[in-house]
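Below are two forms of the same protein chain, given as C-alpha coordinates: structure 1, then structure 2.
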Structure 1
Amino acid sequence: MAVTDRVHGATRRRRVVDVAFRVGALTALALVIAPALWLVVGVVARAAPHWRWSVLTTLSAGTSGGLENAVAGTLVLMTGVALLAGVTGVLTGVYLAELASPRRSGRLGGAWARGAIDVLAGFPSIVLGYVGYVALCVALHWGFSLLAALLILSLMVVPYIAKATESALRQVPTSYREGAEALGMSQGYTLRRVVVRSALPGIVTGLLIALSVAGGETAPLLYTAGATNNLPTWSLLHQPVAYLTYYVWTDYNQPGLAAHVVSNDAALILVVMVLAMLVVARLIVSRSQRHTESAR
(Lines of atoms letter the chains of each structure in order from A and count residues from 1; the text may use other names and numbers.)
(Lines give C-alpha, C1' and ligand atoms only; values in the text may rest on other atoms or scores of the structure.)
Protein backbone atom coordinates (compact mmCIF):
# COMPACT_ATOMS: atom_id res chain seq x y z
CA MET A 1 0.00 0.00 0.00
CA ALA A 2 2.68 2.43 1.05
CA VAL A 3 4.75 1.41 -1.95
CA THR A 4 1.95 2.06 -4.46
CA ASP A 5 1.30 5.41 -2.78
CA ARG A 6 4.93 6.36 -3.29
CA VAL A 7 4.76 5.19 -6.91
CA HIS A 8 1.59 7.17 -7.46
CA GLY A 9 3.21 10.23 -5.91
CA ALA A 10 6.27 9.87 -8.11
CA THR A 11 4.12 9.39 -11.21
CA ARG A 12 2.07 12.46 -10.41
CA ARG A 13 5.20 14.51 -9.84
CA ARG A 14 6.61 13.32 -13.16
CA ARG A 15 3.39 14.20 -14.91
CA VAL A 16 3.38 17.66 -13.37
CA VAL A 17 6.99 18.20 -14.46
CA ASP A 18 6.11 17.01 -17.95
CA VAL A 19 3.14 19.34 -18.27
CA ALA A 20 5.22 22.21 -16.87
CA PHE A 21 7.90 21.43 -19.44
CA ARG A 22 5.43 21.47 -22.34
CA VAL A 23 3.82 24.68 -21.14
CA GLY A 24 7.27 26.21 -20.64
CA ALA A 25 8.36 25.35 -24.18
CA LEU A 26 5.22 26.83 -25.70
CA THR A 27 5.54 29.91 -23.47
CA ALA A 28 9.11 30.40 -24.65
CA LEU A 29 7.96 30.16 -28.25
CA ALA A 30 5.26 32.73 -27.56
CA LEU A 31 7.76 35.01 -25.81
CA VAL A 32 9.94 34.97 -28.94
CA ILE A 33 7.18 35.20 -31.54
CA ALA A 34 5.25 37.97 -29.78
CA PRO A 35 8.18 40.46 -29.73
CA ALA A 36 8.99 39.61 -33.37
CA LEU A 37 5.42 40.45 -34.35
CA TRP A 38 5.36 43.47 -32.05
CA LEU A 39 8.56 44.73 -33.67
CA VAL A 40 7.34 44.38 -37.26
CA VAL A 41 3.84 45.66 -36.52
CA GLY A 42 5.33 48.51 -34.46
CA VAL A 43 7.52 49.66 -37.34
CA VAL A 44 4.53 49.70 -39.69
CA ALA A 45 2.21 51.31 -37.13
CA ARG A 46 4.67 54.12 -36.40
CA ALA A 47 5.27 54.93 -40.06
CA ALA A 48 1.76 54.39 -41.47
CA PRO A 49 -0.10 57.45 -40.09
CA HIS A 50 2.30 59.91 -41.75
CA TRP A 51 3.32 57.80 -44.73
CA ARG A 52 3.37 59.50 -48.12
CA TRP A 53 4.80 57.94 -51.25
CA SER A 54 6.64 61.16 -52.07
CA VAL A 55 9.39 60.23 -49.56
CA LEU A 56 10.72 57.97 -52.28
CA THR A 57 11.00 60.83 -54.77
CA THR A 58 12.04 63.72 -52.50
CA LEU A 59 15.57 64.51 -51.43
CA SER A 60 16.33 64.70 -47.74
CA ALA A 61 16.64 68.02 -45.95
CA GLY A 62 18.35 66.55 -42.88
CA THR A 63 15.64 66.28 -40.25
CA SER A 64 12.82 66.68 -42.75
CA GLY A 65 12.07 66.06 -46.40
CA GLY A 66 12.22 62.70 -48.12
CA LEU A 67 14.53 59.75 -48.43
CA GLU A 68 15.19 59.46 -52.17
CA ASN A 69 18.93 59.98 -51.67
CA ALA A 70 19.04 57.42 -48.85
CA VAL A 71 17.17 54.75 -50.82
CA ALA A 72 19.39 55.34 -53.86
CA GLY A 73 22.52 55.33 -51.69
CA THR A 74 21.56 52.10 -49.95
CA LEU A 75 20.90 50.47 -53.34
CA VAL A 76 24.27 51.72 -54.65
CA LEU A 77 26.03 50.37 -51.55
CA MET A 78 24.28 47.03 -51.88
CA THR A 79 25.17 46.78 -55.57
CA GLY A 80 28.79 47.59 -54.79
CA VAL A 81 28.87 45.02 -51.99
CA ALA A 82 27.25 42.44 -54.28
CA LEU A 83 30.09 42.96 -56.77
CA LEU A 84 33.01 43.29 -54.37
CA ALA A 85 32.03 40.91 -51.58
CA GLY A 86 30.11 38.69 -53.99
CA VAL A 87 33.11 37.92 -56.20
CA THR A 88 35.52 37.66 -53.27
CA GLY A 89 33.16 35.60 -51.14
CA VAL A 90 32.11 33.15 -53.85
CA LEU A 91 35.72 32.60 -54.95
CA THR A 92 36.79 32.17 -51.31
CA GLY A 93 34.02 29.61 -50.90
CA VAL A 94 35.23 27.81 -54.04
CA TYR A 95 38.73 27.82 -52.61
CA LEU A 96 37.59 26.40 -49.27
CA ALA A 97 35.34 23.72 -50.74
CA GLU A 98 37.15 22.69 -53.91
CA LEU A 99 40.79 23.69 -53.86
CA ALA A 100 41.85 23.70 -50.20
CA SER A 101 40.56 20.26 -49.33
CA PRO A 102 42.99 18.42 -47.04
CA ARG A 103 43.35 15.83 -49.80
CA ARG A 104 44.98 18.34 -52.11
CA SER A 105 46.98 20.75 -49.99
CA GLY A 106 48.15 18.75 -47.01
CA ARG A 107 46.92 18.85 -43.47
CA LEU A 108 46.31 22.62 -43.36
CA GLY A 109 43.49 22.53 -45.92
CA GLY A 110 42.82 26.27 -45.98
CA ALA A 111 42.72 26.57 -42.21
CA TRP A 112 44.20 30.06 -42.43
CA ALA A 113 41.45 31.31 -44.76
CA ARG A 114 38.74 29.64 -42.69
CA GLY A 115 40.18 31.09 -39.49
CA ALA A 116 40.25 34.60 -40.95
CA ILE A 117 36.63 34.26 -42.07
CA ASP A 118 35.48 32.96 -38.69
CA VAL A 119 37.21 35.81 -36.88
CA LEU A 120 35.77 38.40 -39.29
CA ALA A 121 32.28 36.93 -38.90
CA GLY A 122 32.39 37.71 -35.19
CA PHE A 123 34.29 41.00 -35.37
CA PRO A 124 32.49 43.99 -33.82
CA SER A 125 31.20 46.02 -36.75
CA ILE A 126 31.92 49.38 -35.13
CA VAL A 127 35.60 48.47 -34.84
CA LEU A 128 35.67 47.84 -38.59
CA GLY A 129 33.95 51.19 -39.08
CA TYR A 130 36.49 52.89 -36.82
CA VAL A 131 39.40 51.41 -38.75
CA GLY A 132 37.79 52.47 -42.03
CA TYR A 133 37.51 56.00 -40.71
CA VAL A 134 41.05 56.42 -39.33
CA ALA A 135 42.80 54.46 -42.10
CA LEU A 136 40.85 55.10 -45.29
CA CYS A 137 38.99 58.37 -44.72
CA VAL A 138 41.65 60.21 -42.69
CA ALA A 139 45.08 58.65 -43.25
CA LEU A 140 44.60 58.02 -46.99
CA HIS A 141 42.64 61.29 -47.40
CA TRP A 142 39.73 59.54 -49.11
CA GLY A 143 37.24 61.51 -47.02
CA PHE A 144 33.77 60.12 -46.46
CA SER A 145 33.46 58.12 -49.62
CA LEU A 146 31.76 55.28 -51.44
CA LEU A 147 34.96 53.26 -51.74
CA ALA A 148 35.77 53.39 -48.02
CA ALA A 149 32.22 52.34 -47.16
CA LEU A 150 32.25 49.54 -49.72
CA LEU A 151 35.57 48.12 -48.56
CA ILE A 152 34.53 48.05 -44.89
CA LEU A 153 31.04 46.73 -45.61
CA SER A 154 32.42 44.05 -47.93
CA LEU A 155 35.00 42.96 -45.39
CA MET A 156 32.12 42.57 -42.97
CA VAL A 157 29.81 40.45 -45.13
CA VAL A 158 32.38 38.38 -47.06
CA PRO A 159 32.22 35.64 -44.38
CA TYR A 160 28.47 35.13 -44.94
CA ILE A 161 28.94 34.65 -48.69
CA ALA A 162 32.06 32.48 -48.36
CA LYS A 163 30.41 30.25 -45.75
CA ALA A 164 27.19 29.89 -47.75
CA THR A 165 29.14 29.13 -50.94
CA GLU A 166 31.33 26.59 -49.21
CA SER A 167 28.43 24.69 -47.68
CA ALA A 168 26.44 24.84 -50.94
CA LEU A 169 29.42 23.44 -52.87
CA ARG A 170 29.92 20.72 -50.28
CA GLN A 171 26.33 19.57 -50.81
CA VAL A 172 26.96 18.95 -54.52
CA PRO A 173 27.19 15.15 -54.80
CA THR A 174 30.67 13.77 -55.42
CA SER A 175 29.20 11.70 -58.25
CA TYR A 176 28.70 14.93 -60.26
CA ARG A 177 32.41 15.71 -60.04
CA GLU A 178 33.40 12.11 -60.77
CA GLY A 179 31.00 11.98 -63.72
CA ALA A 180 32.47 15.19 -65.10
CA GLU A 181 36.00 13.90 -64.65
CA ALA A 182 35.08 10.62 -66.33
CA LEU A 183 33.76 12.61 -69.31
CA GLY A 184 37.13 14.31 -69.55
CA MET A 185 36.07 17.75 -68.38
CA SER A 186 38.79 19.92 -66.94
CA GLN A 187 38.54 21.15 -63.38
CA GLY A 188 37.68 24.72 -64.35
CA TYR A 189 35.03 23.62 -66.83
CA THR A 190 33.54 21.23 -64.27
CA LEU A 191 33.39 24.03 -61.72
CA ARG A 192 31.72 26.45 -64.10
CA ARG A 193 29.22 24.16 -65.79
CA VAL A 194 28.52 21.46 -63.20
CA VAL A 195 29.50 22.21 -59.62
CA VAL A 196 28.86 25.95 -59.23
CA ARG A 197 25.74 25.69 -61.35
CA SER A 198 24.14 23.05 -59.16
CA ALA A 199 25.20 24.95 -56.03
CA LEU A 200 23.75 28.20 -57.37
CA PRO A 201 20.59 28.30 -55.19
CA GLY A 202 22.69 28.04 -52.03
CA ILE A 203 25.15 30.65 -53.28
CA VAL A 204 22.40 33.11 -54.24
CA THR A 205 20.72 32.60 -50.86
CA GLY A 206 23.97 33.42 -49.07
CA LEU A 207 24.42 36.47 -51.27
CA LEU A 208 20.89 37.71 -50.51
CA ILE A 209 21.39 37.26 -46.78
CA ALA A 210 24.71 39.09 -46.96
CA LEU A 211 23.05 41.92 -48.89
CA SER A 212 20.22 42.16 -46.37
CA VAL A 213 22.87 42.45 -43.64
CA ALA A 214 24.80 45.05 -45.64
CA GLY A 215 21.67 47.09 -46.30
CA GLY A 216 20.79 47.11 -42.61
CA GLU A 217 24.21 48.06 -41.28
CA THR A 218 24.81 51.36 -39.54
CA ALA A 219 27.95 51.21 -37.42
CA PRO A 220 30.45 50.47 -40.23
CA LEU A 221 28.93 53.23 -42.39
CA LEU A 222 28.51 56.15 -39.99
CA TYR A 223 32.18 57.13 -40.17
CA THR A 224 33.02 55.85 -43.65
CA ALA A 225 30.08 56.77 -45.89
CA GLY A 226 29.38 60.03 -44.06
CA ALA A 227 26.11 61.82 -44.67
CA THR A 228 24.69 63.88 -47.47
CA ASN A 229 21.36 65.19 -48.69
CA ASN A 230 22.33 64.55 -52.29
CA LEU A 231 21.93 61.59 -54.57
CA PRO A 232 24.94 59.26 -54.83
CA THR A 233 27.46 60.25 -57.49
CA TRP A 234 29.70 58.00 -59.57
CA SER A 235 32.87 59.17 -57.87
CA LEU A 236 34.42 56.61 -55.57
CA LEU A 237 36.34 59.10 -53.42
CA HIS A 238 35.63 62.32 -51.53
CA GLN A 239 31.86 62.13 -52.02
CA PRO A 240 29.74 61.00 -49.05
CA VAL A 241 26.89 58.57 -49.66
CA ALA A 242 23.48 58.71 -48.01
CA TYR A 243 21.90 55.51 -46.67
CA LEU A 244 18.68 54.59 -44.87
CA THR A 245 19.99 53.44 -41.50
CA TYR A 246 21.65 56.85 -40.99
CA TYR A 247 18.27 58.57 -40.90
CA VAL A 248 16.79 56.04 -38.48
CA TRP A 249 19.73 56.60 -36.12
CA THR A 250 20.08 60.39 -36.47
CA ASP A 251 16.50 61.58 -36.61
CA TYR A 252 14.73 59.44 -34.01
CA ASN A 253 15.64 61.71 -31.09
CA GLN A 254 15.64 65.02 -32.95
CA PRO A 255 12.87 67.43 -31.96
CA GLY A 256 9.86 67.81 -34.19
CA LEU A 257 7.39 65.56 -35.96
CA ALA A 258 9.12 65.84 -39.34
CA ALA A 259 12.31 64.26 -37.99
CA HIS A 260 10.39 61.40 -36.39
CA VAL A 261 8.51 60.82 -39.62
CA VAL A 262 11.81 60.59 -41.52
CA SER A 263 13.18 58.12 -38.97
CA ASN A 264 10.06 55.95 -38.96
CA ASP A 265 9.75 55.98 -42.76
CA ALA A 266 13.40 54.95 -43.13
CA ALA A 267 12.83 52.10 -40.67
CA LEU A 268 9.77 50.93 -42.61
CA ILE A 269 11.57 51.00 -45.96
CA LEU A 270 14.49 49.09 -44.43
CA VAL A 271 12.25 46.43 -42.95
CA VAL A 272 10.37 45.97 -46.24
CA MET A 273 13.66 45.67 -48.15
CA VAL A 274 15.18 43.20 -45.71
CA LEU A 275 12.02 41.11 -45.46
CA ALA A 276 11.70 40.96 -49.24
CA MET A 277 15.25 39.65 -49.54
CA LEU A 278 14.81 37.12 -46.74
CA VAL A 279 11.54 35.86 -48.25
CA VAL A 280 13.16 35.48 -51.68
CA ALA A 281 16.09 33.65 -50.09
CA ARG A 282 13.66 31.39 -48.30
CA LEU A 283 11.73 30.66 -51.49
CA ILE A 284 14.94 29.77 -53.34
CA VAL A 285 15.92 27.38 -50.57
CA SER A 286 12.55 25.63 -50.44
CA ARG A 287 12.31 25.43 -54.26
CA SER A 288 15.77 23.93 -54.65
CA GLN A 289 15.06 21.52 -51.79
CA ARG A 290 11.91 20.36 -53.54
CA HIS A 291 13.85 19.76 -56.75
CA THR A 292 16.60 17.73 -55.11
CA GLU A 293 14.01 15.68 -53.27
CA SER A 294 12.07 14.89 -56.46
CA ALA A 295 15.31 14.07 -58.27
CA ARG A 296 16.22 11.49 -55.68
Structure 2
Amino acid sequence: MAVTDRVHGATRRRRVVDVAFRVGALTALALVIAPALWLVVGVVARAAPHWRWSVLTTLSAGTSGGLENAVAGTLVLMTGVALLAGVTGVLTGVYLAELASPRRSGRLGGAWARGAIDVLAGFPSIVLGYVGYVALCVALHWGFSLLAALLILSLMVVPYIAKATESALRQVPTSYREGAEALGMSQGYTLRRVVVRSALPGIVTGLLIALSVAGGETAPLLYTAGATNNLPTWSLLHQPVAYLTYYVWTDYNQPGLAAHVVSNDAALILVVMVLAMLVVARLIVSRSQRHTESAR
Protein backbone atom coordinates (compact mmCIF):
# COMPACT_ATOMS: atom_id res chain seq x y z
CA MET A 1 0.00 0.00 0.00
CA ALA A 2 2.83 2.37 0.87
CA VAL A 3 4.55 1.58 -2.43
CA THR A 4 1.34 2.33 -4.33
CA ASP A 5 0.97 5.66 -2.53
CA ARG A 6 4.55 6.60 -3.37
CA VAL A 7 3.96 5.74 -7.04
CA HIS A 8 0.76 7.82 -7.14
CA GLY A 9 2.54 10.69 -5.39
CA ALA A 10 5.42 10.61 -7.88
CA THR A 11 2.94 10.52 -10.76
CA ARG A 12 1.09 13.56 -9.41
CA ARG A 13 4.35 15.45 -8.96
CA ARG A 14 5.36 14.69 -12.54
CA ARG A 15 1.99 15.89 -13.77
CA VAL A 16 2.26 19.09 -11.73
CA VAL A 17 5.77 19.74 -13.05
CA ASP A 18 4.61 19.03 -16.60
CA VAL A 19 1.67 21.42 -16.30
CA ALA A 20 3.86 24.09 -14.71
CA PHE A 21 6.43 23.72 -17.50
CA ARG A 22 3.73 24.06 -20.18
CA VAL A 23 2.25 27.12 -18.48
CA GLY A 24 5.69 28.70 -18.19
CA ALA A 25 6.46 28.01 -21.85
CA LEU A 26 3.13 29.47 -22.98
CA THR A 27 3.67 32.51 -20.76
CA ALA A 28 7.12 33.09 -22.25
CA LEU A 29 5.66 32.73 -25.74
CA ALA A 30 2.98 35.29 -24.90
CA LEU A 31 5.62 37.70 -23.58
CA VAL A 32 7.36 37.48 -26.94
CA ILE A 33 4.29 37.66 -29.17
CA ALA A 34 2.36 40.32 -27.25
CA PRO A 35 4.86 43.21 -27.74
CA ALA A 36 5.25 42.32 -31.43
CA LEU A 37 1.49 42.36 -31.96
CA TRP A 38 1.19 45.57 -29.96
CA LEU A 39 3.77 47.27 -32.16
CA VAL A 40 2.26 46.03 -35.43
CA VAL A 41 -1.30 46.89 -34.42
CA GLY A 42 -0.20 50.30 -33.14
CA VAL A 43 1.60 51.15 -36.39
CA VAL A 44 -1.30 49.98 -38.55
CA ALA A 45 -3.86 51.82 -36.42
CA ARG A 46 -1.95 55.10 -36.75
CA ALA A 47 -1.18 54.81 -40.45
CA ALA A 48 -4.32 53.20 -41.88
CA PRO A 49 -6.76 56.14 -41.41
CA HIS A 50 -4.54 58.48 -43.45
CA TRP A 51 -3.02 55.96 -45.86
CA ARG A 52 -2.88 56.85 -49.56
CA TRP A 53 -1.23 54.76 -52.25
CA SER A 54 0.24 57.84 -53.89
CA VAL A 55 2.81 57.96 -51.07
CA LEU A 56 4.64 55.16 -52.90
CA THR A 57 4.91 57.12 -56.15
CA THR A 58 5.51 60.65 -54.86
CA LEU A 59 8.84 62.13 -53.83
CA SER A 60 9.26 63.60 -50.39
CA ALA A 61 8.92 67.34 -49.93
CA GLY A 62 10.39 68.00 -46.52
CA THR A 63 7.77 67.16 -43.90
CA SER A 64 5.11 66.39 -46.51
CA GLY A 65 4.78 64.67 -49.86
CA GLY A 66 5.43 60.99 -50.46
CA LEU A 67 8.07 58.41 -49.69
CA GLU A 68 9.08 57.08 -53.10
CA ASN A 69 12.68 58.13 -52.63
CA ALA A 70 12.85 56.63 -49.14
CA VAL A 71 11.34 53.31 -50.22
CA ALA A 72 13.72 53.04 -53.16
CA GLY A 73 16.71 54.01 -51.01
CA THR A 74 15.81 51.47 -48.31
CA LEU A 75 15.45 48.71 -50.89
CA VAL A 76 18.82 49.61 -52.42
CA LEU A 77 20.49 49.62 -48.99
CA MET A 78 18.98 46.28 -47.97
CA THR A 79 19.89 44.69 -51.29
CA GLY A 80 23.47 45.93 -50.97
CA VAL A 81 23.71 44.68 -47.39
CA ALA A 82 22.30 41.29 -48.42
CA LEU A 83 25.00 40.94 -51.07
CA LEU A 84 27.95 42.43 -49.22
CA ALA A 85 27.31 41.32 -45.64
CA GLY A 86 25.57 38.11 -46.73
CA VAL A 87 28.54 36.80 -48.70
CA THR A 88 31.06 37.94 -46.08
CA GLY A 89 29.08 36.62 -43.12
CA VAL A 90 28.27 33.24 -44.65
CA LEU A 91 31.87 32.64 -45.74
CA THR A 92 33.07 33.66 -42.27
CA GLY A 93 30.63 31.25 -40.65
CA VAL A 94 31.74 28.45 -42.99
CA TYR A 95 35.37 29.11 -42.05
CA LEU A 96 34.65 29.11 -38.32
CA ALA A 97 32.48 25.97 -38.44
CA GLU A 98 34.35 23.85 -40.97
CA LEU A 99 37.91 25.10 -41.48
CA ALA A 100 38.74 26.42 -38.01
CA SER A 101 36.75 23.91 -35.97
CA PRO A 102 38.29 21.72 -33.25
CA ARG A 103 37.71 18.71 -35.52
CA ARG A 104 40.58 19.88 -37.73
CA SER A 105 44.04 20.00 -36.24
CA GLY A 106 46.57 22.59 -37.26
CA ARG A 107 43.98 25.26 -38.06
CA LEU A 108 44.78 28.59 -36.48
CA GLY A 109 42.86 31.82 -36.32
CA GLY A 110 39.46 30.51 -35.25
CA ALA A 111 39.68 31.86 -31.71
CA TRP A 112 40.98 35.21 -32.94
CA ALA A 113 38.22 35.44 -35.53
CA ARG A 114 35.50 34.63 -32.99
CA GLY A 115 36.93 37.21 -30.61
CA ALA A 116 36.96 39.86 -33.32
CA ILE A 117 33.35 39.05 -34.24
CA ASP A 118 32.25 39.30 -30.60
CA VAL A 119 33.98 42.66 -30.21
CA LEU A 120 32.44 43.96 -33.43
CA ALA A 121 28.98 42.82 -32.36
CA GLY A 122 29.35 44.78 -29.12
CA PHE A 123 29.97 48.16 -30.75
CA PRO A 124 26.97 50.53 -30.57
CA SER A 125 25.60 51.35 -34.01
CA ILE A 126 26.01 55.08 -33.47
CA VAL A 127 29.72 54.56 -32.75
CA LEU A 128 30.13 52.64 -36.00
CA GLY A 129 28.28 55.42 -37.79
CA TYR A 130 30.56 58.08 -36.35
CA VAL A 131 33.66 56.06 -37.24
CA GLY A 132 32.28 55.67 -40.76
CA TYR A 133 31.69 59.41 -40.98
CA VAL A 134 35.22 60.27 -39.85
CA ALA A 135 37.03 57.56 -41.80
CA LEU A 136 34.97 57.36 -45.00
CA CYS A 137 32.97 60.55 -45.44
CA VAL A 138 35.66 62.96 -44.18
CA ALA A 139 39.09 61.30 -44.37
CA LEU A 140 38.51 59.60 -47.73
CA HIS A 141 36.35 62.49 -49.00
CA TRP A 142 33.46 60.23 -49.97
CA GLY A 143 30.86 62.55 -48.46
CA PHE A 144 27.41 61.25 -47.64
CA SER A 145 27.17 58.30 -50.00
CA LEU A 146 25.68 54.91 -50.69
CA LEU A 147 29.02 53.10 -50.44
CA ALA A 148 29.80 54.51 -47.00
CA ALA A 149 26.35 53.52 -45.73
CA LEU A 150 26.64 50.00 -47.18
CA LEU A 151 30.06 49.41 -45.64
CA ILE A 152 28.99 50.53 -42.17
CA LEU A 153 25.68 48.64 -42.24
CA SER A 154 27.42 45.51 -43.51
CA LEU A 155 30.11 45.81 -40.87
CA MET A 156 27.39 46.08 -38.24
CA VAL A 157 25.38 42.99 -39.27
CA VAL A 158 28.16 40.63 -40.38
CA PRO A 159 28.48 39.20 -36.82
CA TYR A 160 24.78 38.18 -36.85
CA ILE A 161 25.16 36.32 -40.13
CA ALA A 162 28.50 34.73 -39.20
CA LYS A 163 27.25 33.48 -35.83
CA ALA A 164 24.00 32.16 -37.30
CA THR A 165 25.86 30.40 -40.11
CA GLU A 166 28.40 28.83 -37.75
CA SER A 167 25.65 27.64 -35.40
CA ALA A 168 23.59 26.19 -38.25
CA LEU A 169 26.57 24.37 -39.75
CA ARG A 170 27.58 22.89 -36.39
CA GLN A 171 24.09 21.41 -36.03
CA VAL A 172 24.48 19.38 -39.22
CA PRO A 173 25.14 15.76 -38.16
CA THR A 174 28.72 14.59 -38.52
CA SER A 175 27.41 11.48 -40.26
CA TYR A 176 26.56 13.68 -43.27
CA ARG A 177 30.20 14.66 -43.66
CA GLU A 178 31.47 11.17 -43.01
CA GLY A 179 29.05 9.71 -45.54
CA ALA A 180 30.08 12.24 -48.18
CA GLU A 181 33.75 11.53 -47.47
CA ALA A 182 33.15 7.79 -47.76
CA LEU A 183 31.55 8.35 -51.16
CA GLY A 184 34.67 10.17 -52.32
CA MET A 185 33.21 13.69 -52.41
CA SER A 186 35.63 16.58 -52.14
CA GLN A 187 35.44 18.95 -49.19
CA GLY A 188 34.16 21.81 -51.32
CA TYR A 189 31.46 19.69 -52.96
CA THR A 190 30.40 18.31 -49.56
CA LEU A 191 30.09 21.84 -48.18
CA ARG A 192 28.04 23.10 -51.11
CA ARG A 193 25.75 20.15 -51.75
CA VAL A 194 25.38 18.52 -48.33
CA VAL A 195 26.38 20.66 -45.35
CA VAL A 196 25.30 24.15 -46.45
CA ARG A 197 22.06 22.87 -47.95
CA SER A 198 21.15 21.12 -44.70
CA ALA A 199 22.00 24.25 -42.71
CA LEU A 200 20.12 26.60 -45.06
CA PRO A 201 17.18 27.26 -42.69
CA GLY A 202 19.50 28.60 -39.98
CA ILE A 203 21.54 30.61 -42.46
CA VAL A 204 18.43 32.20 -43.95
CA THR A 205 17.17 33.06 -40.47
CA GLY A 206 20.43 34.81 -39.63
CA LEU A 207 20.35 36.73 -42.90
CA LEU A 208 16.74 37.76 -42.22
CA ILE A 209 17.68 39.09 -38.79
CA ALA A 210 20.60 40.99 -40.28
CA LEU A 211 18.44 42.60 -42.98
CA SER A 212 15.79 43.53 -40.41
CA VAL A 213 18.43 45.18 -38.23
CA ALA A 214 19.94 47.00 -41.20
CA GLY A 215 16.54 48.18 -42.44
CA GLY A 216 15.61 49.54 -39.02
CA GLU A 217 18.80 51.47 -38.30
CA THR A 218 18.89 55.26 -38.21
CA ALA A 219 21.98 56.48 -36.32
CA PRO A 220 24.70 55.02 -38.59
CA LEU A 221 22.83 56.20 -41.68
CA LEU A 222 22.57 59.75 -40.38
CA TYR A 223 26.39 59.83 -40.31
CA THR A 224 27.03 58.05 -43.63
CA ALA A 225 24.01 58.24 -45.93
CA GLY A 226 22.80 61.71 -44.99
CA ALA A 227 19.37 62.54 -46.35
CA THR A 228 17.87 63.62 -49.65
CA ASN A 229 14.51 64.09 -51.32
CA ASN A 230 15.75 62.54 -54.56
CA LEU A 231 15.72 58.98 -55.82
CA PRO A 232 18.93 56.93 -55.46
CA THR A 233 21.31 57.00 -58.38
CA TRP A 234 24.04 54.68 -59.65
CA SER A 235 26.64 56.92 -58.03
CA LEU A 236 28.31 55.26 -55.04
CA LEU A 237 30.08 58.38 -53.80
CA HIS A 238 29.16 62.00 -53.06
CA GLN A 239 25.43 61.30 -53.34
CA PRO A 240 23.19 61.12 -50.23
CA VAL A 241 20.60 58.35 -49.99
CA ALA A 242 17.07 58.52 -48.59
CA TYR A 243 15.76 55.84 -46.22
CA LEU A 244 12.53 55.24 -44.36
CA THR A 245 13.83 55.39 -40.80
CA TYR A 246 14.96 58.98 -41.35
CA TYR A 247 11.35 60.05 -41.94
CA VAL A 248 10.07 57.92 -39.06
CA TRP A 249 12.51 59.61 -36.67
CA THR A 250 12.53 63.15 -38.08
CA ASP A 251 8.89 63.71 -38.99
CA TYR A 252 7.53 62.19 -35.79
CA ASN A 253 9.28 64.96 -33.83
CA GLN A 254 7.72 67.70 -35.97
CA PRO A 255 4.65 69.56 -34.68
CA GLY A 256 2.59 69.41 -37.89
CA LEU A 257 -0.02 66.75 -38.65
CA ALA A 258 1.29 66.26 -42.20
CA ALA A 259 4.70 65.30 -40.83
CA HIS A 260 3.14 62.78 -38.44
CA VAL A 261 1.23 61.22 -41.33
CA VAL A 262 4.46 60.78 -43.29
CA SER A 263 6.16 59.28 -40.23
CA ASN A 264 3.34 56.79 -39.70
CA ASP A 265 3.33 55.85 -43.38
CA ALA A 266 7.08 55.22 -43.30
CA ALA A 267 6.72 53.02 -40.21
CA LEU A 268 3.93 51.02 -41.87
CA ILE A 269 6.00 50.46 -45.01
CA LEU A 270 8.91 49.24 -42.89
CA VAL A 271 6.66 46.77 -41.08
CA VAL A 272 5.33 45.46 -44.39
CA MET A 273 8.89 45.05 -45.71
CA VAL A 274 9.90 43.03 -42.65
CA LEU A 275 6.80 40.84 -42.92
CA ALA A 276 7.49 40.28 -46.62
CA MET A 277 11.05 39.20 -45.81
CA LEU A 278 9.68 36.86 -43.17
CA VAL A 279 7.31 35.22 -45.65
CA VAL A 280 10.07 34.81 -48.23
CA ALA A 281 12.41 33.35 -45.61
CA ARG A 282 9.76 30.88 -44.45
CA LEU A 283 9.19 29.76 -48.05
CA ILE A 284 12.92 29.19 -48.51
CA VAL A 285 13.15 27.32 -45.23
CA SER A 286 10.13 25.11 -45.97
CA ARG A 287 11.53 24.27 -49.39
CA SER A 288 14.93 23.40 -47.97
CA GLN A 289 13.53 21.35 -45.07
CA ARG A 290 13.21 18.33 -47.31
CA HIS A 291 17.01 18.17 -47.36
CA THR A 292 17.29 17.96 -43.60
CA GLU A 293 17.15 14.87 -41.48
CA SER A 294 14.16 16.09 -39.49
CA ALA A 295 11.97 16.33 -42.58
CA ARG A 296 12.43 12.64 -43.49
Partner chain sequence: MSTSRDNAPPSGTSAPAPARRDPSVRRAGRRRRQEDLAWRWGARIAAVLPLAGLGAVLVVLAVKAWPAVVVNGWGFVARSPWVPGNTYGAVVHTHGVAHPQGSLYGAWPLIAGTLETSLVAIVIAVPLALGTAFALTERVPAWIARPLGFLVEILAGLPSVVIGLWGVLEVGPFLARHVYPLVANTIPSVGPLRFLTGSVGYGEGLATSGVVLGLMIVPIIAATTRDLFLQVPALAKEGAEALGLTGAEVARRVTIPWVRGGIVGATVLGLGRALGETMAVAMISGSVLGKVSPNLYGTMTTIAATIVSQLDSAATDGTGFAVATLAEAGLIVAAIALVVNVVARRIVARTGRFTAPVGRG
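So that the term is clear: the rigid core is the largest set of C-alpha atoms that superpose within 1.5 Å between two forms. Because the structure is predicted, anything quoted here is derived from the model rather than measured. Residues are numbered by position in structure 1's sequence, first residue being 1.
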Check your understanding: Of structures 1 and 2, which one represents the form predicted in complex with the partner chain?
Key -> 1
Study note, to complete from the structure: With the core held fixed, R282 moves its Cα between the two structures by a number of Å equal to 6.1
